[in-house]
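The chain below stands alone, shown as structure tokens; this is the form predicted on its own.
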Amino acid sequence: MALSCRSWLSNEGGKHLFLLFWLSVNVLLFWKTFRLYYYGTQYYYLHRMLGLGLCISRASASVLNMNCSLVLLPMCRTLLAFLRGSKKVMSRKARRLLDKSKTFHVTCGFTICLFSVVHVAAHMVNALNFSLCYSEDFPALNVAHYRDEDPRRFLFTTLPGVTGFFMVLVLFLMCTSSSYSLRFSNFDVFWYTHNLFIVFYILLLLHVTGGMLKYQANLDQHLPGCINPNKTSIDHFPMSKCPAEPFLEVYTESESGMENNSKKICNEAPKFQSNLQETWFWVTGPLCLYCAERLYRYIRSNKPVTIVSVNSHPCDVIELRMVKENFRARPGQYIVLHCPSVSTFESHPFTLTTSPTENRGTFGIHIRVLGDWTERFRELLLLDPNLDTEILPILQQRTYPKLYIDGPFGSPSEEVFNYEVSLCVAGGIGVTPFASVLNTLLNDWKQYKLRRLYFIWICKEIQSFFWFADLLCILHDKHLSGEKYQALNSRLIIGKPRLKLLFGEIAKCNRQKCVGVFCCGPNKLSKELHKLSNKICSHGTQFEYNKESFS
């Protein structure tokens, strides 16, 4: 089946355009910084000493500065939730780009790791050239104290060297623990190592204060390459063993008269100053924004919630109903749950299956018991995990552990109501975001743009349908038996879903319309739906794919 250009552009166009823009900025920044240190007159003596190592190290540092600032923005969850909710400000296409915030965070993280390797390698070459090309004429420019000094001394005894070593170590731990297999098998390791980013940014801000690389500050009094009568000629200045093209030829292109600098007498010796701390300009803003957002989230989540009921469902699923003062949430949003009795620092995201309304202040989540954290959490909530149901007694209250929630935060499922026709496909416990949507339909679905909803729930075990059996029965009775317009079609099929046939049927019934496709489930299911959304465009129907993903 061939790709549909219209569907592909709708699903992938914005993402690839943004990626192209981001790549272009990275390339432009690298090239501009490279040229500055290669051709810049203020770096004439430093470049003559260090060669290409200087240009590559500074160019890679510029890319690192930008990505170290951008990598924090996708993690500002409250800001993203605000932007997603401000529908008057952002279009649907712009809001769909927010769904890729996690992917952009990973991309920036990978770029940081890659250019850190380039940056470290270039600085190792610089350290070697500082030792081999030591000059007694310019002691302020040298990092080495004498010729042929061991480069390891200023790599592991100076502030930039020591902080750089520990930054590489932190990056290695964060990168290796971010693999899918390790996150799935031991989330604790991923969570604790990823929070080392605090150490990383402290080291980064200290790293740039060393002032090892210097530029010439008195260009008006000392033209690069001129002769100092009290010192040796510039021709005797030590030069990197990997020289670039002749500098004097370069300067003739940019500024006339520079070709005669080697014959001119200097008014004074060159004076060198440390570079400006560009990293502070790049990182300070996003870092302050992230810290302010985390402080706001801490204050907001500081008050514990009240547990109303705890229900145990088949297939190791717990339903938890809670209430919290002034808590508001939109259907499809998620919260981050923290239980100090289970873990002091660790917390996990869970989609709201019921959202608070004007008439009901309670909200609920469904938790699938998978892993150590959820297992310990269930033991605290249920005295006997094998009990089918346990409801909080009215007369004799149980003592539940303290729970804190952070959120709510936005998710792609919020967009279900912004399409005239939506297709929701869930796999197993991935039904939770759509349960919140279905609960909302119980109240008044006519206030939304949504006019038809296709809901597909795929489960390996028939007992899984008991999680929301009551909800499905109420919806069936209300919207199929009593309503003139059928907002929800109901079928039960045993076997693997024929998604290609389903897409064709939906396209035929909704000609010339844009159908929102929403998925929360295994990667295999998600990839299949993604491909079908890009390929099928029959009867003028366009499918826009949205995947649920916690940031």
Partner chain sequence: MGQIEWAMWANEQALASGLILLIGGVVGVAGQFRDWEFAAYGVAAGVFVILLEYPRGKRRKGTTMERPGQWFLAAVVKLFGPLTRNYYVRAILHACLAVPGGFILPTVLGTVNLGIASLIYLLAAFRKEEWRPIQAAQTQKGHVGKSIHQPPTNPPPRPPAEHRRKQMDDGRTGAIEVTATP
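Since we're looking at a predicted model, the values are computed, not measured. Positions refer to the first chain, counted from 1.
The same protein has a further form, the form predicted together with the partner chain, not shown here; the description that follows concerns it.
In the predicted complex, the partner chain lies within 4.5 Å of some heavy atom of residue 151.
The partner chain in the predicted complex comes within 4.5 Å of a heavy atom belonging to residue 473. The partner chain in the predicted complex is not approached by residue 298, whose heavy atoms all lie more than 4.5 angstroms from it. The partner chain is not shown here, but in the predicted complex it comes within 4.5 Å of a heavy atom of residue 177. Using a 4.5 Å heavy atom cutoff, 155, 182 and 461 all lie near the partner chain in the predicted complex. Checking 301-309, 100-108, 361-369, 453-461 against the partner chain in the predicted complex, the stretch whose residues place heavy atoms within 4.5 Å of it is 453-461. Between the partner chain and the residues 288, 168, 159, 83, the one pair within 4.5 Å by heavy atoms in the predicted complex involves 168. With the partner removed from view, the residue among 442, 205, 219, 124 that has a non-hydrogen atom within 4.5 Å of the partner chain in the predicted complex turns out to be 124.
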